[in-house]
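Quick heads-up: it's one chain on its own, the form predicted on its own, in structure tokens.
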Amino acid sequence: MAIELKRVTKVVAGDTHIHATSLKLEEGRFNILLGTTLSGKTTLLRLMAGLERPTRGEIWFKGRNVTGLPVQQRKVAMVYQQFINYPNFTVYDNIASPLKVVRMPPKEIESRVHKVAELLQIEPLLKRMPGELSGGQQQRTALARALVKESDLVLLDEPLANLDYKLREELREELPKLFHDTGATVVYATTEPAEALLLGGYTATLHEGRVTQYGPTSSVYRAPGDLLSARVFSDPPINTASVSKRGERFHYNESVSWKAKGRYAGLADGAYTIGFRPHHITLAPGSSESISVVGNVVVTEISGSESVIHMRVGKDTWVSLSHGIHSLKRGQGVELFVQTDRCFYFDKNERLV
């Protein structure tokens, strides 16, 4: 294992920022920390980097206990959301600085700097000073400095947040490929489920200082182990409802029910919670297993070619994401269709069944 956290806890002024966490990240893989703001992502990154020490527990890197090892003695690079550059260095010298520290030959430094500058589209800026750059250009410079270092462990704390949309999309595609070639273990923190899916690799979902699930990104998304992980990995928020199973059918209320099929047919009768993502409740049937429900519109948000509809259905508030532009008025009654074959079913302990 490249990096492993063993029962790591971080307490600050009596506040627990990280609860006892055990996590193993595979060497040379792209690992994502996914969670909302204040979920503990940055704290975990700083612990891995050696910028902070855990209150309890140990951190191992490549089979070595590095818990007390200062950051200067670790082959690690870290990039923050806020750009950090040397103001008195040119862009070229900023990027080259970690290579000069280890006395790399000038020709190799030049080759590496130009290669990474071309990737990040800042090659024309190499002779400028950081104060002459836009915020996005400064962040690209900071990212280039981490890339050129070719560290064993690269920690990225929402590094694309300040970049323009087009460059974000390009880098999301290129970063995993680039780091795959270096063999580095990458840990990438983000608040965006869509970004985690685009980056692939492995994902750890975080909530209030706890890792709720870890595994291949697509697997965590498609089969969240519990309701909390499903909530972390859904934007817009996942919809939930209390249902009961009686015999061969699930019942949402007295007028809405559907047949329990496949592995769900054998579930014991009783109370369950279903969860379904907004794109699985739409204005038109999405599959043969769709059921009809009627709700009242709270608000409609139109974005590009999609409509996000917030509505009240009985005592529940749900969000629907439908293709097309649909101008619906507040309070208007609307029929929607839930794809029951895309629902997650959770038991009384909110574990996936």
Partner chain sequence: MIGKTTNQRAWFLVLPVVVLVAFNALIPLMTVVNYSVQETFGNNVFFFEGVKWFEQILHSERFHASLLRQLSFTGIILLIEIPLGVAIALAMPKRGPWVSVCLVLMALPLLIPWNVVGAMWNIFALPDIGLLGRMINGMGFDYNFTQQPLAAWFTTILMDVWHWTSLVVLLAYAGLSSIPDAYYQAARIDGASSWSVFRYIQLPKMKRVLTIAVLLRFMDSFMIYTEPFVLTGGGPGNATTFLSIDLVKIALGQFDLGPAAAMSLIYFLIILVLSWIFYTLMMRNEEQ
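None of the values given here were measured: they were computed from a predicted structure. Residue numbers count along the first chain shown, from 1. In this text, rigid core is short for the largest set of C-alphas that superpose within 1.5 Å between two forms.
There is another form of this protein, the form predicted in complex with its partner chain, and it is not shown here; the text below is about that form.
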The chain here is shown without its partner chain. Which stretch in 247 to 255, 97 to 105, 265 to 273, 178 to 186 comes within 4.5 angstroms of it in the predicted complex, by heavy atom distance? 97 to 105
Is A77 one of the residues lying within 4.5 Å of its partner chain in the predicted complex, judged by heavy atom distances? yes
Can you work out whether F83 and its partner chain are in contact in the predicted complex, taking contact to mean some heavy atom pair no more than 4.5 Å apart? yes
Heavy atom to heavy atom, is E132 within 4.5 Å of its partner chain in the predicted complex? yes
A194 near its partner chain in the predicted complex, any heavy atom under 4.5 Å? no
Position in contact with its partner chain when the complex is considered in the predicted complex, options H310, R46, R29, H326, heavy atoms within 4.5 Å: R46
Using heavy atoms only and a 4.5 Å cut-off, determine which of S218, S242, S111, N88 is in contact with its partner chain in the predicted complex. N88
Between its partner chain and P236, R277 and S303, in the predicted complex, does every residue show a non-hydrogen atom at 4.5 Å or closer? no
Though the partner is not shown here, which residues of 26 to 59 have a heavy atom within 4.5 Å of its partner chain in the predicted complex? R46, G50, L51
Indicate whether R263 shows a C-alpha shift of 2 Å or more between the shown form and the other one, with the rigid core used for the fit. no
Rigid core superposed, CA of E208 - does it shift 2 Å or more between the shown form and the other one? no
